[in-house]
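Take a look at this single chain, the form predicted on its own, given in structure tokens.
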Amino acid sequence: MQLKDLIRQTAAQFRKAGITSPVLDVQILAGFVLNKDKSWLIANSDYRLNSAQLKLINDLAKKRLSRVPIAYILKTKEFYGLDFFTNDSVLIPRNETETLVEWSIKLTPKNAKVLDIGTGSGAIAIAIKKNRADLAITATDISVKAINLARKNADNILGKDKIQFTTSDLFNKINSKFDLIIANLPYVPNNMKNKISPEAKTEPKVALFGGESNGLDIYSRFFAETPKYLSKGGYLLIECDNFQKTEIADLAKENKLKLIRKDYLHLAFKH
């Protein structure tokens, strides 16, 4: 079978299944098997696949048809220009979360101490360290599996022992203050479980759902503890849903944190 026919036929199956980027997804899977980029696939659309290549691509396509995310199928995801190992024990790094990395790089003083809570795959902490080697970064997660994966990513991208990883439920294993705290905690309301995408339903629930009604149960507990661990004049950066901003700003104000920056999904506070 020629490559162009495979892409056309598989994309049609993806489209029928409700996959929102059918052509791109099959190109990614084919490129992975062939070890070629998108431009090569387009320029060589008449390339004839051998039986082994065809089987491998079709096997991956079957997983995608069952709505397994591309990142879980290929076990890798690009974030802030870096390639991260990923699996279904962690949330897939989102492009929009790169904003937290950008803000961290710009706001954090030289040689500062940084705490990344809910690190998951380690994407935020590792991307910051890659661009700010002067920073002393601690990264935590409630999941042992997540910490193990984050450490693997850090060793692969940065080298050994560049970030301190700790299994912790928010601050319960933390005993010092930090100049910057970053938190991308679960914030999807529990009553949204049936409304998220089929792909999101394959991600770990502990990393997605933040409690009843407004989804801010975990953030409420987090904000109550934050002032004890954030240095005076230090910064707090978080990700949340747009509709939660007012309530989060109120939580921050109650705990003597001043809102200094915001966009659609992110808020920055100063202590």
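So that there is no doubt, residue numbering starts at 1 and follows the sequence shown. These figures come from a predicted structure and were not determined experimentally.
Keep in mind that the form predicted together with glutamine is missing from the display, and what follows is about it.
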{"query": "Listed residue that, although glutamine is not shown, lies within 4.5 Å of it in the predicted bound form (heavy atoms), from I70, A207, L60, L49", "finding": "A207"}
{"query": "The single option of I157, I174, I142, L91 touching glutamine in the predicted bound form, heavy atom within 4.5 Å", "finding": "L91"}
{"query": "Candidate stretches 207-215, 61-69, 228-236, 33-41, one within 4.5 Å of glutamine in the predicted bound form by heavy atom", "finding": "207-215"}
{"query": "Interface membership of N184, glutamine in the predicted bound form, 4.5 Å heavy atom rule", "finding": "yes"}
{"query": "V101: touches glutamine in the predicted bound form, heavy atom cutoff 4.5 angstroms", "finding": "no"}
{"query": "Contact test in the predicted bound form: L135 vs glutamine, heavy atoms, 4.5 Å", "finding": "no"}
{"query": "Non-hydrogen atom contact V188 with glutamine in the predicted bound form at 4.5 angstroms", "finding": "yes"}
